[in-house]
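This document starts with one chain, in the form predicted alone, laid out as structure tokens.
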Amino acid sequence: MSERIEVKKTYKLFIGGAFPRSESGRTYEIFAPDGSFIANPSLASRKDLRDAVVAARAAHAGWTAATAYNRGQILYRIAEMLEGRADQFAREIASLEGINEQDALQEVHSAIDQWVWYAGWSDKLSSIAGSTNQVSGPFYNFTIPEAMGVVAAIAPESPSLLGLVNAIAPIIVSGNTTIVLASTRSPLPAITFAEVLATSDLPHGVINILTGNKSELTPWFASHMDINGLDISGLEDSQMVNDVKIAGADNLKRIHSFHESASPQRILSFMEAKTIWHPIGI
């Protein structure tokens, strides 16, 4: 029997629920820690980012109008699907990050637990961030938290899956839509995660995943006028962080970096407070 030739996959982007190649046609190579070739992910361009923002903006009205219960149920279903593909995620993480499969599987389980944790906040945000305000006059006055809009995120290089979940889950659970730039060195778990999303109940465009070079794409994340917020927790270069904050200031973009992986503050930082006045009926 002749020796089998392994088919090396070319990984695509995830934009608007579809898997397009980069409009530039570019890819880049990723290697295992031992130097062996693994795959060719797409190298996203500025045009790909613009397409992702258009998809996220189009999806925002429907996603934010969904009930908190419905959003929570969709996120829980994604966690169930992650659980079903845990072994695949573990193999990809182990091959890219140079750890054994047992440790990689532990990362996958942590990512699933984190996703469920954030899903559980969907119908509790009004309780911790909303209020009934005392006013002088025949009115009720309520303050409620609302999703901001389109929020982008730069995922950390490592841990590749857990870092991705920490970037995405707190953004979308409140009703925001997102574009996330995956780990440059270890993008496979992000694209496999996109395959999970594509077959889930998540509306197309709520999550858009790009792979590519952070130094090339991050400045365009910061300067894009239709991105309302940006999570830069995955940026390690201090000069790039400074440049992003300057570029984001020109369009009043809300930019945050978080040290805690599990915190309701990661959700609330990309929400707005809406105050409603209502007359008291007779």
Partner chain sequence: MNQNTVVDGSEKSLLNFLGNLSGVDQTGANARAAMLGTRSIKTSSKAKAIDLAISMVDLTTLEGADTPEKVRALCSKAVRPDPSDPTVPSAGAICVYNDMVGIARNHLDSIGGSHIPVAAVATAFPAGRASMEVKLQDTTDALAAGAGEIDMVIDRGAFLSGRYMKVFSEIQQIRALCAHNAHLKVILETGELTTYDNVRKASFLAMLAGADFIKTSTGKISPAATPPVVLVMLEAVRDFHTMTGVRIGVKPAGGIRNTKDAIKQLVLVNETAGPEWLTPTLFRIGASALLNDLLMQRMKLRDGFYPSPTYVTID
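All values derive from a computational prediction rather than experimental measurement. Residue numbers count along the first chain shown, from 1.
A second form of this protein, the form predicted together with the partner chain, is not displayed here; the remarks below concern that form.
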Inset, instruction - May I ask you to check whether Arg26 falls inside a 4.5 Å heavy atom distance of the partner chain in the predicted bound form? - result: no
Inset, instruction - Please run the contact check for His60 against the partner chain in the predicted bound form: heavy atoms, 4.5 angstroms, yes or no? - result: no
Legend entry - Interface membership of Lys214, the partner chain in the predicted bound form, 4.5 Å heavy atom rule: no
Inset, instruction - Consider Asp226 of the chain shown here, and say whether it contacts the partner chain in the predicted bound form, taking contact as heavy atoms within 4.5 Å. - result: yes
Legend entry - Partner-facing stretch of 230 to 238, 27 to 35, 215 to 223, 66 to 74, counted where any non-hydrogen atom is within 4.5 angstroms of the partner chain in the predicted bound form: 215 to 223
Legend entry - Stretch 15 to 47: residues contacting the partner chain in the predicted bound form, 4.5 Å heavy atom cut-off: Glu23, Arg46, Lys47
